[in-house]
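Next comes just one chain, in structure tokens: the form predicted alone.
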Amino acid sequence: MLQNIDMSLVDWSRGQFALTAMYHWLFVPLTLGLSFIVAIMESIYVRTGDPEWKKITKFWMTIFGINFAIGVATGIILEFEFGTNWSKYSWFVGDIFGAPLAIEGIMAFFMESTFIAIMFFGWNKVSRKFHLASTWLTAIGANLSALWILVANAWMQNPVGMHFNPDTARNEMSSFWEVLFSMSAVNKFLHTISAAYILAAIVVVGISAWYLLRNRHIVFAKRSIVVASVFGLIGILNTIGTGDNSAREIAKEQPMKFAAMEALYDGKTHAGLVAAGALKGENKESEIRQRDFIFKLEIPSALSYIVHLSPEGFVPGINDLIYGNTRRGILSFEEKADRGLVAINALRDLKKAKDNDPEKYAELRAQFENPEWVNTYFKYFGYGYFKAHEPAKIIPNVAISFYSFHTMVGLGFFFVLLMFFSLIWSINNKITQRRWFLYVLVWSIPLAYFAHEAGWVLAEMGRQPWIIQDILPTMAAVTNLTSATVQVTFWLFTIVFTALLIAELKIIFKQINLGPKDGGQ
């Protein structure tokens, strides 16, 4: 089914989208988290009337504004790429995927852009309370924008609330609320924005630590650290909880991704969680490129407990998902591919019969309306695109999935300690006595960004080869372009995005160097 697809075009299209998404995600989490930190700081100012809090608020508001502007530019390009590079995907699911994106543009973005003007230019022009309300509404609007984008992304990972229309060969939304409130969407939104709050908190704490190291703006820095540490600590605790829920949901809806995250090849009960480990090179003799460990530190039965809340729970491995496991009711890749081909052939026959054989058309049309047939065959529609003797195609890159997952989790637990001690030592006024810790806070800023990028690499690389889980493979979703066309735009975007990033860093570093007294007024 894939022999006529230009894989070079697929790879360059994926590369371009990954480039845009990863650059965009350099800006988004700081916007999401800093918007609420600024709102909290302004609330303290309005309540206390202390001009120092106004100075603090205005400085961080400036950092927020610089970051927000660049983030919007990359985000717009990202949404356009669904139509330019992935038009077959947009056609196949446009009725569903387009809905949350439209709401994001109409409601959240306009709400955000309306009140951000008052937030930046309304000082001394409107009342304190009205200005504060505008700041809070800007923060809420920014996070609502994230909600709809993440709902759309979660639907791609777990397609629910839809009905396939065989006459148009499109998926149509059957339940908006099921799309919005699926466990995948809820967990993805809560986990992602909580992680964004951690990053913003670390940025605020790190910059404030830089001031303390240089004995500048001491009151400003200490107050900023207290607010950001509380905010970040709440965020990291919520991230751990939502991460646990997300892992359980991934194990249920994307078992291959889950197995790749742990480099688990043979399913088992009492499955251990790899706390740390290093993988050997590929085993070239294995059809599915099995990876062994050079070393690993494993928490006994923890993986089974995460998935099933019981150490007795069975966690399927890559081999189970490829070759099947009849004892556990797991279909093999070949069985799924055969069922997918039945669905694809039924759709092809329906199109042929539509004008020439009304009786056969009605029979085939009824199949697509039959829930049992849909659950037996159409559920595996995407597998029909693969050849039955190429099971390796449905395995994501195990090494990337494994290392990105463990990097994200490892840094997450490091951030717990970071936020805890920054709060404790700030409250008891001992943080300036621990210069080594101030340096740790400063250098934790790039680590926070690294953890975020690792999380998104896991989310998107781990679900390959699917653009819609089990229904549409990435390689069947690209626009009919030439590979050269995508390569040109890839390098153009690389140049433009890099220039924007350098420009933002220069502006932010200049603002930080000016400090809150000069830069925040």
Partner chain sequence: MSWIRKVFLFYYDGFCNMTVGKSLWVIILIKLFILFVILRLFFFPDVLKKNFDNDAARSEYVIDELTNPK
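Owing to the predicted nature of the structure, the values given are computational and were not obtained by experimental measurement. Positions refer to the first chain, counted from 1.
Just so it is clear, the following notes concern the form predicted in complex with its partner chain, a form of the same protein that is not shown.
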Gly71 within 4.5 Å of its partner chain in the predicted bound form, heavy atoms: yes
Partner proximity in the predicted bound form: Asn85 to its partner chain, non-hydrogen atom cutoff 4.5 Å: yes
Would you check, heavy atoms only and a 4.5 Å threshold, whether Phe493 touches its partner chain in the predicted bound form? yes
With the partner left out of view, is Gly65 within 4.5 angstroms of its partner chain in the predicted bound form by any non-hydrogen atom? yes
Three residues, Trp91, Ala476 and Leu500; all within 4.5 Å of its partner chain in the predicted bound form via heavy atoms? yes
Heavy atoms within 4.5 Å of its partner chain in the predicted bound form: which of the stretches 450-458, 43-51, 29-37, 478-486 has them? 478-486
Pick from Tyr361, Tyr385, Phe293, Tyr403: which residue has any heavy atom within 4.5 angstroms of its partner chain in the predicted bound form? Tyr385
In the predicted bound form, which of the listed residues (Asp167, Glu312, Glu390, Glu372) lies with a heavy atom within 4.5 Å of its partner chain? Asp167
For the heavy atom contacts within 4.5 Å of its partner chain in the predicted bound form, list the residues of 350-369 involved, in sequence order. Lys351
